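In C-alpha cells, the next block holds one chain alone, the form predicted on its own.
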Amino acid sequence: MEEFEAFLNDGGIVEAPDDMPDEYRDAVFTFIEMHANSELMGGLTERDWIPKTPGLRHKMSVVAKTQDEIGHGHLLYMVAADMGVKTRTEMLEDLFDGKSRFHNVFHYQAKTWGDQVAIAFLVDAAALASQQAVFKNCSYGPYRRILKRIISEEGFHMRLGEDRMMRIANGSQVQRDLFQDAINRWFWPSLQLFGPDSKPNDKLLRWHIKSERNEVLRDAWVQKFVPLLQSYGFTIPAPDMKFDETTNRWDVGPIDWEPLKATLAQGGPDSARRISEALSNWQQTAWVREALDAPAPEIAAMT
C-alpha cells in the first residue's frame, strides 16, 4: 500500500487491468456505483415531469435532460463493471432491491414546477461542483475520462437551471411564490448533498479520487448561491444564517444531518416510491433483456 500511495502521490493513474489494492478497488467502485445510481435515479426524477412540463420549449429540455442523466448512469455502470466487483446487472438489481445508495436529493419528490426549477438551479450546481472536484485530480483513469463528458453535459443542465430561475424571478408574483416555496424545500437537501465535513483520514482524498474536502465545496456553494438568490429577492430558509463582515462570508448556521442519514438508509420522503417505480420499470422490460440474451433459434421462434 505504501508503494501504491507513493505512485498516486506522484500523479500516477490507475487503469482497470492494473494491479491495485483491494481496499482501493472497493472504495473507488462504491463511489462510482453511487454516482451511477444517482444519475439513473435523477433521470427518472426528470422523466416524471415530461408530461407535466409547461410549454414545448421546457418539455424539449426535460426530454433531453432525462436522456442525458440516464445515459450518464449507464456510462458509469460500464466503468464500474470493468473493475470486476459487480456486473452491471448486479449493480442495477442491488439498486432496485434497496441494497445500494444514491444521492440524498433523489429521495425527495418534485411536487411543483418550482421544484424542477430549484433542482436545475441548486441541485445540478451542487452536483457539478462535486464532479469537477473529482475530475480535477482523479487517480482512476477510466472514471476521470468519462467524467470529462459528463461534466460538459452537466454544465448545460446548470445553465438551463439559471435560465429557468431568471425567467421565473422576472415572472408574476404567483410564479415567484412558487419558486420561493421550492427554495424552502430544496435549499437544505442541496447543501446536504456535499455531505458532512470530511474525516481527517478520508481515503478518497488520500487516494486522489476527491480533490476537495466536503466542507470546502459546501462553503463555496453557500457563498455563491446565498447572495445570488437574495439578489433576485428570494429568502434563504436558514433562520440562524449570519454574514460575517470581517471575513465577508455567509454562515448558514447549524446543519441538521438527520435528513441525510435517513436517505442513506433508504428512508427519505420519497425513497419507497422512487425505488418501487424503478424496480417496476426493470421488471416490465425484462422481456427485452431476455430476447437479446436468447440464442438465435429461440429468437426466431419468438417472432
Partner chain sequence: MSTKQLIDIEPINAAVASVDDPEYPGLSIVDLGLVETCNITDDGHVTIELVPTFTGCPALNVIADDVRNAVAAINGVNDVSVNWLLSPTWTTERVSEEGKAVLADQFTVAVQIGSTVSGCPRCGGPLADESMFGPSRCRSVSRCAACTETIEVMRA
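Positions refer to the first chain, counted from 1. Since this is a predicted model, take the numbers as computed values, not measurements.
As for the form predicted in complex with the partner chain, it is not shown, yet the points below apply to it.
Visitor: Using 4.5 Å between non-hydrogen atoms, is residue 30 touching the partner chain in the model of the complex?
Guide: Residue-level check for residue 30: no, no contact with the partner chain.
Visitor: Might residue 271 be said to contact the partner chain in the model of the complex, defining contact as any heavy atom within 4.5 Å?
Guide: Heavy-atom contact with the partner chain at 4.5 Å: absent for residue 271.
Visitor: Closest heavy atom of residue 15 to the partner chain in the model of the complex, within 4.5 Å or not?
Guide: The answer is yes: residue 15 has a heavy atom within 4.5 Å of the partner chain.
Visitor: Please tell me whether any heavy atom belonging to residue 79 falls inside 4.5 Å of a heavy atom of the partner chain, as the geometry stands in the model of the complex.
Guide: So residue 79 counts as contacting the partner chain.
Visitor: Want to guess which of 22-30, 254-262, 53-61, 240-248 is within 4.5 Å of the partner chain in the model of the complex, heavy atoms only?
Guide: Checking each option against the 4.5 Å cut-off leaves 53-61.
Visitor: Which residue, 111, 159, 203, 136, has a heavy atom that falls within 4.5 Å of the partner chain in the model of the complex?
Guide: Selected option: 159.
Visitor: Just one of 276, 67, 235, 266 has a heavy atom within 4.5 angstroms of the partner chain in the model of the complex, so which one?
Guide: Of the listed residues, the single hit is 67.
Visitor: Select from 147-174 the residues with a non-hydrogen atom within 4.5 Å of the partner chain in the model of the complex and write them out in sequence order.
Guide: Result: 148, 149, 152, 153, 156, 159, 160.
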